[in-house]
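Take a look at the structure tokens below, where one protein chain is shown in two forms, each on its own, as structure 1 and structure 2.
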Structure 1
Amino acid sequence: MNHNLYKILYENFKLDLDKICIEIPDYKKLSFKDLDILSAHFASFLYDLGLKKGDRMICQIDKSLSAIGLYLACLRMGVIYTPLNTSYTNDEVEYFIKNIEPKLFFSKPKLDDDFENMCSKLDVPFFKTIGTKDNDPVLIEILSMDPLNIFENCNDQDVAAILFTSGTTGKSKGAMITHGNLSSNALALKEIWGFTNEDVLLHALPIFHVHGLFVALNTALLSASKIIFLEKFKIDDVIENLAKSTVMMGVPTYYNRLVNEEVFGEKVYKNMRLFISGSAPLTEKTFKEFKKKTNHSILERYGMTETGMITSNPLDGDRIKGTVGFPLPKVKIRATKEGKILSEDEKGVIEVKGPNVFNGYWRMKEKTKEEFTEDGFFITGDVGQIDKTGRLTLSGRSSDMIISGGFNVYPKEIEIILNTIPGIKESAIIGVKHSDLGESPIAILVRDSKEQEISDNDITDVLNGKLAKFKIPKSFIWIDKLPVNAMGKVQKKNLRIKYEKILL
């Protein structure tokens, strides 16, 4: 059997070839047939350059139809696809090129000089640029080629993509994600989220990341669902197109902004059946405010670059705020501490095993070995507990855990409470050095509004009634906004570096 992901996608949308697949508002509409032909043109282009199954390519290009065509062509050809965050610097890109050793590098046109020189220096055989418009010269060249309708024979262990982790500790690691990983995840998500060819997905996420590329795009294509494809998240564009949509996937920031918009009323979300949030924790405050305003409970799920989606709150049934739901079909999770498997409701490091789990880190055999248990579970590094029903609640990253006076402090436990206090928009708890306790938590806070101020003493009074004394932050620091990456995850490493000496 051919496990090529593109073939699996095609087999699921081939009965809907004449249906609109992708709509870019006020610009263009593509049918599923058009998309299939576009990917075949890109496959012809890759073939003409001499790329073949197992070869690697890197792209750092803007979100566009060309970017989708390139991704799908790589799947068709069995070429390993590596998309890069468009905000990565030259030094970061150079590291990725050295690590991956691609045969082809695709860049945005305005960056061509810097990266062409870099590729020449690093002996990358082919360098190309591509923009987002129809008159792009490379796109015109690609579309002039005869389509190559190929489904390269792939097994489920063949690597489809290498995606780099965010690199919060040390250098970024390239996670090898297989055709089997991607197809198993997409099939599971289609089932548990109830996707059909009647759905319309509002897509405002970037496509260099698991969320926008694999979770959103693969699931929609597998379901023959229409995609309203926005270049980026702009609140006016999202609100304008929500009325034509049935499903939206986003990061918590999207929902924070939506719920605070006066024009975000019933007419806007009248056809919506599902709002999905991921890539960063959704605060209980946002969950409650969104539910109150729309009567929709945002569905929160949990995943990683290395695993795709691991758990999800149910489509039918209770979506409990602060939790990330149950394991996907065929996925197993457990909580452990110091090698011991914990009982229900005991807090430990979450481990996962299933067809969604990646093949290891590219050219990092020792690191890969460290991250897996002897019985094949991947150690996520996330801390949480699993209740008697199998529902998972996360407490944060094990690397974020603070040990204060010998006691473990989990930041999310404190952040959940802080984010419910009037006057606090969002918070981040970090550990800094303390001369007596070794480490102590401090709170980095963002105000809800300039008019609504709250004193440190008032915050402490709230926390004193809810937390043990060793968990109470020793300092409160107010800033304009928290540093986040492209997917809305708070970059606590940056905060720790900035405030590491505040209590010394």
Structure 2
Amino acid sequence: MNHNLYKILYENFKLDLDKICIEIPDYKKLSFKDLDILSAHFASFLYDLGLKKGDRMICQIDKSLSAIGLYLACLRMGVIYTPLNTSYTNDEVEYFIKNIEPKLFFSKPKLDDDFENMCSKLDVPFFKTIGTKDNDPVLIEILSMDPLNIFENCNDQDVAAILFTSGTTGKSKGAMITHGNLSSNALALKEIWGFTNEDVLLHALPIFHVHGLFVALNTALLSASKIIFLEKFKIDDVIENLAKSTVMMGVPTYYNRLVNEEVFGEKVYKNMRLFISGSAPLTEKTFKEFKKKTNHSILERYGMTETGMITSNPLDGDRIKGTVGFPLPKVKIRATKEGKILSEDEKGVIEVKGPNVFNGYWRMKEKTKEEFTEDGFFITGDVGQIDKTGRLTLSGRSSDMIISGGFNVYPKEIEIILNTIPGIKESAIIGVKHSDLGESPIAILVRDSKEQEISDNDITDVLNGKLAKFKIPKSFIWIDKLPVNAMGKVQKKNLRIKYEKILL
């Protein structure tokens, strides 16, 4: 059997080839057959460049049909797909290219030739750009080629994609996600969320992360559901298209914004059967307000880049606010403390095992080993407890990661840069409450009295050149001394308590 994910998706939607697969409102509709041909054109383009199974391709392109065509083409060729957040700076992109050593780097059209120079400096064999318009020259070239109807033979363990996630060290790690990880997760989600070819998924998420690319796209394609494909989350577009949809996936910020919209009324959600939330904790306030307004209980689920989806609240059954439900079929979870497996309701670090768990971090064997137990459980770093029915409630993270509007922000990555800036002696990045984004990073700084004072704007300018916007601290607080414990470790918990409401 060919475990190529694209082959599995195709086998599931080939009975609906003439059905509309993707609708871009007021612009274009693609059938499943059109989508299959589009991906075959992109496969032909990759093949023509000499890419083959196991080669890597990095792209930093805008959400578009071309981005989907490229993703599916990589799957069908067995080429390893690495998408990058479109707000990553050149510095961040350079790190990823050095780490992955792709054969091809695809970017959105640029006004400068920074990426061209970067690719030649880093010996990337091919650099291409592609935009989102029909008259894009590279798209026209690709569509002029004979489609390549390839289904490269893959097994479950073959790597389909490498997505970057960071951690306490501050340097991003490439999570190797296999065809088997993706197919097992998509099949499980189709089953537990009741996806069918009658469904219409409203897709407003970016497609450079797990949520929008795998959880939303793969599950919908596998189910031959229709996708209403929005360029991004814009409240008016969402309101306008919800009436034509049956399912929506989003981060909590999407639901906070919707529930506060006057026009978000019965006419808008009349055809909706399911609202799914993830990537960040859904507040009980949003859950309650949403239920009060729509009588829909948002279904919260829990996952990670390294594991795809781990648990979900039930479709039929109690969706208890503040919990993330039960493990997916074939997925096992446990709570542990210092290596001891805890019993029910005891708080500990959550570990997971199953066909959804990734293959490790790209070229980081030692780091990978640290993240798995002797008996093969992945240590998530999240803290929670499992009750006697097996339901998981998360209560925090053992790392000090911040989730801002669904994007993960790693303090270390920012602190490393701050500590190189003259005028800053020490820094601590903490997450504080944000009414729209859930959490936001702020910087607690100690001046270096030996240096000239530096302004907050100057600090922001330095950071803007190196980090994506969503990572930039929303506020800078100067204090005399960072609180540390006997080991000299910064007491971030005390800082969070002290400044938790500073942005509200």
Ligand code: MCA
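Rigid core: the largest C-alpha set superposing within 1.5 Å between the two forms. All residue numbers here refer to structure 1's sequence, counted from 1. The shown structure was predicted, so the numbers you read here are calculated from the model rather than taken from an experiment.
**Q** Just checking, which of these two is the form predicted together with methylmalonyl-coenzyme A?
**A** Answer is structure 2, the other one does not fit.
**Q** Does residue 414 count as moved between structures 1 and 2, where moved means a C-alpha shift of 2 angstroms or more after fitting the rigid core?
**A** True for residue 414: a C-alpha shift of 2 Å or more.
**Q** So with the core overlaid, does the Cα of residue 474 end up 2 Å or more away between structures 1 and 2?
**A** Comparing the forms between structures 1 and 2, which are aligned on their rigid core, residue 474 does shift its C-alpha by 2 Å or more.
**Q** Work out from C-alpha fits how many degrees the smaller rigid part twists against the larger between structures 1 and 2, would you?
**A** Turning angle of the smaller rigid part: 155 degrees.
**Q** For residue 444, give the CA shift between structures 1 and 2 in Å, the superposition being done on the rigid core.
**A** Looking at the C-alpha of residue 444 between structures 1 and 2, the offset is 11.7 Å.
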